[in-house]
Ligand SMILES: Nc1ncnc2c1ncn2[C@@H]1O[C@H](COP(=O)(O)OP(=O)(O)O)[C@@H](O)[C@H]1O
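One chain follows as structure tokens, the form predicted on its own.
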């Protein structure tokens, strides 16, 4: 459904992505892991057109997003929903108004927008907070509000940028459960960028690790854990040692 072909992206003299290629199957949850600064979030920004690669192709259902003009690309972006790391809620709007915003921007009438907004809030168990401002809810609730906004347009692909970042372990596992539930309920394709291996093992159908601009391991959680890469094994051991991974059987 979604494919990176030889994507290269540099910032000055620093090559962040060096001819990176992978494909993502329809309906799967594909997780990109790695330490900070390895190009995980850059990959997401390229997928939705916030960054342009130096070279390579991004294909959605066989169509090259990079080659499209702005009007075509804008139309194709309707296939994507995005949960940004911060939640990216507008402080002066209520939770419901934040969730409804992308619908109203697309010309959906107010009655339908309200109905779809409440449906999305119910999916993330946040309908009770619909009239609150972002400053009046917790960080975990802000993430759920951002997730409701990501799904309200009924996208084919949901992109998650560090969905558990800044959350305590209990709320992190709750977000993991929501991601799995939405994948199963909506049949969406999910791309998750995270440094949280517990989350990756919990939700991922396949996991890929970026290091020094390259994919150094990719496969199911079992295949990922069996990688003979010293970098992968060091990353796994570091997270186990720090107590970030608990109760996961691989």
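No experiment lies behind these values; they were computed from the predicted model shown. Residue numbers count along the first chain shown, from 1.
A second form of this protein, the form predicted together with the named molecule, is not displayed here; the remarks below concern that form.
Engineer: Quick check for you: of 197-205, 60-68, 220-228, 32-40, which stretch puts a non-hydrogen atom within 4.5 Å of the named molecule in the model of the complex?
Structural biologist: Among the candidates, contact is made by 32-40.
Engineer: Give me the residue from 232, 20, 24, 16 that has a heavy atom within 4.5 Å of the named molecule in the model of the complex.
Structural biologist: It is 16.
Engineer: With the named molecule taken in the model of the complex, which residues across 177-216 come within 4.5 angstroms through any non-hydrogen atom?
Structural biologist: Residues within 4.5 Å: none in this stretch.
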